[in-house]
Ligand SMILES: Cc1cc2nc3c(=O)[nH]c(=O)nc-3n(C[C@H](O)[C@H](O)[C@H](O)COP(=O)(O)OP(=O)(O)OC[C@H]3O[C@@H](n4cnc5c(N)ncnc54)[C@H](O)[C@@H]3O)c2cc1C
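A lone chain, given as structure tokens: the form predicted alone.
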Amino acid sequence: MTDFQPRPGQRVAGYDVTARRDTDYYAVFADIPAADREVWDRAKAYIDEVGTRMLDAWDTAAYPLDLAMRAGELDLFNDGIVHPDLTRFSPLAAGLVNMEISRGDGSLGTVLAVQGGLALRTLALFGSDEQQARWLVPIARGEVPASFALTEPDHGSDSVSLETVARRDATTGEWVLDGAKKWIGNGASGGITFVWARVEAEDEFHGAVRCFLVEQDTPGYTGTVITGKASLRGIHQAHIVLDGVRVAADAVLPGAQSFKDASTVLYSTRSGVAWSALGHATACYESALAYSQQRVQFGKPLAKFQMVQERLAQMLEELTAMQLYCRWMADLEERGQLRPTQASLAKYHNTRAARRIAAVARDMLGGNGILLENGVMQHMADIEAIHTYEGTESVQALLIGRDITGMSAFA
């Protein structure tokens, strides 16, 4: 654009709308502790470092694993997990990292959710001392890609009904896994997978859902990258087939003994999804605001039109509510008072609000809104994925409804 020469009908070469503005109308984050701000600044620096390549990766549906794992080198995967071998992030710091990385790139936000929120948390909560000694720090540092395999092709929202099975070989004592998983981030990246399976055994665990640590180069494990995605195109998610996969007797995570333990991990990551939605929505609002100040129509900037100012005010209203949800949720979690359904409400509100903000922002940018270089269309597409994962809108509504009425409406 440096060589651009204005021509009749084109006075500008493009618009600078993706710069960070740190929108915080109610000063929700003005008083955060210095330690949390340092972590947040590290996340900003990370996004500034990798952003250009990630934009190209989203466009071509490539997964630059080196950029994804760079977050581990910068110690950003810890997601508020409490463990003596991990750096302690407060819930607020963990949320700000989630927000900032998603504001920059939704695919990297999902990497953070998978590598840290799901896989690292599963190992930290339920792994044996030996499993943690071997894998915990390498996962946290991004030296080993890790995935969390719960969802199946036939079981998404009803994942409690999963059909992947684990049987004991009476002769060798090994576990034998058979089944299929789908939408597994990092599931074909050459690392390890935490596979949730239903146990068939002649003991007290028969029928229980347990978790198994599987190295992806184990014979019988096939991870195929899912193609044709219109969302989160900068991370590879896999369709996994487990065909007689044999793992050692000690591959089971001893602390994971029921589906309730899988739910514990999911509950913990729902707050992260609320923060991620806030990051996406912030990017969309800031792009719309910048565009309205730069784009001239009918002889004046769009920002001088009443309808545009009203739309900006409506977006800011929703964005500020999202920030307040997240900040109060982090404060509750810091005090040990956050209930799972409160995290569900934050996810429910924030992903819905993010969709609305993205739609308005896309419309405000007109035809320029569909260009990836302006950010909004990419965020709009990526929001569709986070709106669904870690529990759909309908599932969150039923969880909240059961909590406030005392009656279950699940079929």
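These figures come from a predicted structure and were not determined experimentally. All residue numbers are counted from 1 along the displayed sequence.
FYI, the form predicted together with this ligand isn't displayed, but the following is about it.
Distance criterion of 4.5 Å from any heavy atom to this ligand in the model of the complex singles out Thr151 from the list Thr151, Thr222, Ser90, Gln257.
This chain is displayed alone, yet in the model of the complex one of Leu177, Leu253, Val114, Ile81 has a heavy atom within 4.5 Å of this ligand; that residue is Val114. Using a 4.5 angstroms heavy atom cutoff to this ligand in the model of the complex, all of Thr388, Leu398 and Phe410 count as contacting.
Of the candidate stretches 232 to 240, 166 to 174, 320 to 328, 97 to 105, only 232 to 240 has residues with heavy atoms within 4.5 Å of this ligand in the model of the complex. Contact annotation for Gly156: at least one heavy atom lies within 4.5 Å of this ligand in the model of the complex. In the model of the complex, no heavy atom of Ala283 sits within 4.5 Å of this ligand.
A residue is said to contact a partner when one of its heavy atoms sits within 4.5 Å of a partner heavy atom; Ala71 fails this definition for this ligand in the model of the complex, lying far away. The closest non-hydrogen atom of Leu118 lies within 4.5 Å of this ligand in the model of the complex. Shown without its partner, the chain has Lys182, Trp183, Ile184, Gly185 in segment 182 to 218 as residues with a non-hydrogen atom within 4.5 angstroms of this ligand in the model of the complex.
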